[in-house]
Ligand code: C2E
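The chain that follows stands alone, in the form predicted on its own, written as structure tokens.
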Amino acid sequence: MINKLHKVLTTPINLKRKDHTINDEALFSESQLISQFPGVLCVKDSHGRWLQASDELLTRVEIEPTSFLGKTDNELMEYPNSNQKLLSLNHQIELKAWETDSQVKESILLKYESGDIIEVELTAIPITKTINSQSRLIVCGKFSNQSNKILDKLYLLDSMFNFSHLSFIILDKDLNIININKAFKTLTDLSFDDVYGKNLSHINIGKNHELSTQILKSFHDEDFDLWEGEIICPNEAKGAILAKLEITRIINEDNITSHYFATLIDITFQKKNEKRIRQIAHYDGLTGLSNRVLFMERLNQSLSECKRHNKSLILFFIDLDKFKEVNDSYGHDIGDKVLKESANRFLSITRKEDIVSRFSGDEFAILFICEKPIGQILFEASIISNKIIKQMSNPFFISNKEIFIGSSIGISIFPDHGDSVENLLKKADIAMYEAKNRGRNNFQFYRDEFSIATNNRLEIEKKLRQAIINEEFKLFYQPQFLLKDNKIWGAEVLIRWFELKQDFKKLVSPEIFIPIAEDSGLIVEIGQWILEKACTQLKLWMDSGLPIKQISVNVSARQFMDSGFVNSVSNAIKKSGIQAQDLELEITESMLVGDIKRIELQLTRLKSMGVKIALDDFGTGYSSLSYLKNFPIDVLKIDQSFIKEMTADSKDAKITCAIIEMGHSLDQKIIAEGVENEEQLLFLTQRGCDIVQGYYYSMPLPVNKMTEFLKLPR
């Protein structure tokens, strides 16, 4: 039997004939011998093509006896009813046998519809020394019905391995791949043939070429049971995927690592989501800059580094000047575009290693690490600040609009101004407010006296809120005279704050508390109180028959652009009982810069009510004849700076004359404020000025004294 089998194995077969018949009839009897072999028997050539097979094997793999000759396992697996699992095992041991050039034994469990579990044990024997030098492979084995609880569990484990949706890999002790499941093939598009016998590093197309060495080194520690990490795997559809790899050791009966078991999970989508979440959590959605959270983290890290390596740290805290006016005037869409462009300008003048952040609203922060001496650091910070101021002073061209803003910058330095994040931020913020107090569009290094000023400012704001409740504000009135008949025309309303102390009242200058009221927003509430109080007082004087025609009330920019302002004016008029034409509202030129349509609508609504509009401090702000052309202005008030130094032939006099002539040509009345002497009064009378006010007639008076003044005979 063995001799005949050997002869069959060493005799060439003609595979080129279509019927695949053996070209030596003498061998037909040997062929019959193999076909009738009692068990599994298969003969293959060196290319894996089937030459002979036992009937039992053909029955088990469920293929016809006439259709296997010259076919490989992969080709036979394409047959619709073939036993693919058995053919796959046949193919696997073939590869292992040829690779190792030695006998290989493997076994699997097959479960049939009847419920029987059959254990299949196959042995592959490569034969490379034959008569015709043609290598052959004998695959033989046996089937045994092993339907018991143990094998049922083994079959269950086998099924779990092969049909799990998770990708599984069995590795030998050197991390060479010896088995994979279907999910692995789906995930990586790599077949068993592609990976069998190859090291685990083969499936990692990332830059880590020492992956296996690192893993094995980790497992040298006997207490180390699980290695996990991330690798990049090939994928035909996506090109590559990011996968999480977990590896555990398998211990044999001698307590020695014999194999490793690995799982592979696609985490590409998960990582993209994590990146997106991190983007949302750490970056500003509008500008793309670091947000406050990330900036604080980086500031902490940078501060630690500076402490370790004796470096200095410069913190710039930046607030955009007049940004609120832009938002209120042009809307939030334009405001957002200004913020985006501002971020780009900051990035254009900083280094890659600097950290630029949108801290909140219209506040930005820049972190700059420097290794230079303190003198050079101050110089460096000054250069950067000047660049920022220059960039932010350039006009913004957005949606066919030319927008001007600016920037106020506060600077703190480690270690000079503190050694904690909180200290440095607080002091940079204090310095920034000092820059605003000094006219904006400048920078200031922190100084200790700034903290005192900031504390004072916060204290004043606190007292302002209490002053509203305690009714500590009083209105003063400065008379206005009609020049043509030298009679009282009206009065400008001015606010005074008498702060209540324990045993006296302290007068607080408007120059101190008005800017704080503006910044804090309290000016809206205070302005409403002024409006209602002044209108009520005017009605009392009129009802008493006193000679006053109107009241003139100053309006702040924040109050004017408030959405409820026009209604508040209407309510004050109705509540007091005066006529709308008895009220004059004074606005400044700077308030007319911004959203032209919105400003014009606000003014038109006031005019439709009958309220008069005066343009205060004309000639000192953003002077433009277009204001007089486009807006319904009734009165021009010549700023007192022109009147104060005015002589007959001075430039101030010529400007005053020009304003009077221009205003009259546009049917506007002219008021000159700050008139202090007879010479000024005579000049204005001769030039046709309509109304004057100033110390020549009277200083601002409280209600009782103004009432007495109105009663004086004229």
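Start at 1 with the first residue shown and count on from there. Worth saying up front: this structure is predicted, and the values here are computed from it rather than measured.
The following text describes the form predicted together with the ligand, which does not appear among the structures shown.
J.: Is every one of 171, 231 and 246 within 4.5 Å of the ligand in the predicted complex, counting heavy atoms?
T.: Result no, not one residue of the spot touches the ligand.
J.: Looking at 438, 496, 549, 372 here, can you tell me which has any non-hydrogen atom within 4.5 angstroms of the ligand in the predicted complex?
T.: Going through each option in turn, the one that passes is 496.
J.: So the ligand isn't shown here. In the predicted complex, which residue out of 514, 542, 97, 614 has a non-hydrogen atom within 4.5 Å of it?
T.: In short, 514.
J.: Classify residue 673 as contacting or not contacting the ligand in the predicted complex by the rule of any non-hydrogen atom within 4.5 angstroms, answering yes or no.
T.: Because a heavy atom of residue 673 falls inside 4.5 Å of the ligand in the predicted complex, the answer is yes.
J.: Would you please decide whether residue 492 lies within 4.5 angstroms of the ligand in the predicted complex, comparing each non-hydrogen atom pair?
T.: Flag for residue 492 set to yes.
J.: Answer yes if any heavy atom of residue 179 is within 4.5 Å of a heavy atom of the ligand in the predicted complex; otherwise answer no.
T.: No, residue 179 is distant from the partner.
J.: With the cut-off set at 4.5 Å between non-hydrogen atoms, does residue 510 touch the ligand in the predicted complex?
T.: Although the ligand is absent here, residue 510 would touch it in the predicted complex, with heavy atoms inside 4.5 Å.
J.: Can you say which of 246-254, 549-557, 267-275, 401-409 gets within 4.5 Å of the ligand in the predicted complex, counting heavy atoms only?
T.: Of the options given, it is 549-557.
J.: Though the partner is not shown here, which residues of 684-714 have a heavy atom within 4.5 Å of the ligand in the predicted complex?
T.: 694, 695, 700 sit within 4.5 Å of the partner.
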